[in-house]
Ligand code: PHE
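Single chain ahead, written as structure tokens, the form predicted on its own.
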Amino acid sequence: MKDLSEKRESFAGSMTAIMAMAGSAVGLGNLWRFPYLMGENGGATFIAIYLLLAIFICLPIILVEFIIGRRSQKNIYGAFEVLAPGKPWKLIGICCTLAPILVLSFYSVVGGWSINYLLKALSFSFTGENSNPEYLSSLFSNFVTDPYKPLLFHTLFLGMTAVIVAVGVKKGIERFSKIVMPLLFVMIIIIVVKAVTLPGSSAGLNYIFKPDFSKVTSETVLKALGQAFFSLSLGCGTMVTYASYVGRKENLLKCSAGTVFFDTIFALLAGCAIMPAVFAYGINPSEGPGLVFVTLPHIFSQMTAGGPVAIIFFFSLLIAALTSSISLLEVLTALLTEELHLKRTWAVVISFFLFWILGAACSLSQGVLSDVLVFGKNIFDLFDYISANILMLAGGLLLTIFVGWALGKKVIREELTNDGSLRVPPVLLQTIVFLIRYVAPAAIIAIFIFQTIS
């Protein structure tokens, strides 16, 4: 097959590709969403289910997205014009483009929250007379319901994202990922070491590593799969887009396994950074979305050297948010540059204003627009629910069907072996094909059924 990568930017090698893709996966889903969902759904039980789903469902879907992206060397919409011209498969591209639009709209709002809390940590706002839980709770609620301040930080976060994407794939996305990903892991490890050495932290470790499968429900499985899709950025075009910048010589199995590995390790580290501290200070682990922005500041205020730890944590949160937001913005940017032939700068500017408007609606839905409900949900929660529980799952399902049945075994074999230049054990190839064609689609359909019943 002709190498189309010469016509567009590409990642320098497999390690830089893994760093960028891991950066897309590692984000607020790990540091903000994963801990509170784990806390609400039984700790270790949720983690065990999450790990199984990540390996047997999400890893094959990542491979599917990598195959589509690298083989087409196009954006999520244009990929289907290359791989299945004149056929209705391109409707998948529309679904997978809508998902990141919704995700980044509310994601940039939470990213703005992380900037605000980093500034508060830098000014040691969680110490002294400001350390009581009631004050910290009101601090968060007053901030998110304010009509102006969250919009300011939402704008700042989205602007930072836009600047990185506008610079380009190599000089922007790749360079940023290469620098911040190792730094991010170092910072989270520092917090883990501090958390697990707190008196009483062992209860938190037990909560994370001792599962009780008698408490498993269909809702637990649904939330674990939804979190895995959200964390790994599946079904929303990011992995297809990034894979389109991967050269024909790179090992897709290595890239996909590396992405899942780094994302899963970081999620576990996030749990180990937060839950031991939560239990050490007698906090209920099922605090929900406010865990990071209400509960943790209270813990930092009581912790020895809590001020510096809070700075490291919220800086990590901001960096993690940025690594994912640039991949979400790149999906629409790549589409606009390749399909409408816009210059990258103009594509980023147009995308910025679209996300700013939608993000503003999400932000204001926490306050002045809180009475605007659709199916009982405000705009922020509606975007979160539709993207994580409908669009991303639907996108993952359709992508696996497309690769497993429309492209077929021959294409899967060609991509995973780099047209025969890499040796992949036949048993492994057969297993991967089986997971792509049968297991992953069946699991997603089952989740849809359970979700409908629930």
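As the structure is a computational prediction, the values presented were derived from the model and not from experiment. Rigid core (definition): largest C-alpha set, two forms, superposition within 1.5 Å. A residue's number is simply how far along the shown sequence it sits, counting from 1.
Same protein, other form: the form predicted in complex with the ligand, not shown, and the subject of what follows.
Peer 1: Let me test this: is every residue among 24, 230 and 233 within 4.5 Å of the ligand in the predicted complex, going by heavy atom positions?
Peer 2: Yes: 24, 230 and 233 each sit within 4.5 Å of the ligand in the predicted complex.
Peer 1: Evaluate residue 157 for contact with the ligand in the predicted complex, applying a 4.5 angstroms cut-off between non-hydrogen atoms, and reply yes or no.
Peer 2: Judged by the heavy-atom cut-off of 4.5 Å, residue 157 is well away from the ligand in the predicted complex.
Peer 1: Quick one: is residue 400 in contact with the ligand in the predicted complex, heavy atoms, 4.5 Å cut-off?
Peer 2: Result no; residue 400 lies far from the ligand in the predicted complex.
Peer 1: With the cut-off set at 4.5 Å between non-hydrogen atoms, does residue 395 touch the ligand in the predicted complex?
Peer 2: Flag for residue 395 set to no.
Peer 1: Check residue 328 for me: does it contact the ligand in the predicted complex (non-hydrogen atoms, 4.5 angstroms)?
Peer 2: Taking the distances in the predicted complex, the answer for residue 328 is yes, it comes within 4.5 Å of the ligand.
Peer 1: Looking at 105, 324, 256, 241, which is the one with a non-hydrogen atom within 4.5 Å of the ligand in the predicted complex?
Peer 2: Selected residue: 324.
Peer 1: Name the residue from 67, 38, 28, 61 that puts a heavy atom within 4.5 Å of the ligand in the predicted complex.
Peer 2: Of 67, 38, 28, 61, the residue with a heavy atom within 4.5 Å of the ligand in the predicted complex is 28.
Peer 1: The ligand isn't shown here, but in the predicted complex, which of 29-37, 52-60, 405-413, 423-431 has heavy atoms within 4.5 Å of it?
Peer 2: Looking at the partner contacts, the answer comes out as 29-37.
Peer 1: Taking the ligand as it sits in the predicted complex, which residues of 404-439 have a non-hydrogen atom within 4.5 Å of it? Please list them.
Peer 2: Going through 404-439 in order - heavy atoms within 4.5 Å of the ligand in the predicted complex - there are no hits.
Peer 1: Could you check whether the CA atom of residue 402 moves 2 Å or more between the shown form and the other one, using the rigid core for the fit?
Peer 2: No, residue 402 moves less than 2 Å.
Peer 1: With both forms fitted on the core, check whether the Cα of residue 66 differs by 2 Å or more between the shown form and the other one.
Peer 2: Where the cores coincide, residue 66 shows only a C-alpha shift between the shown form and the other one that is less than 2 Å.
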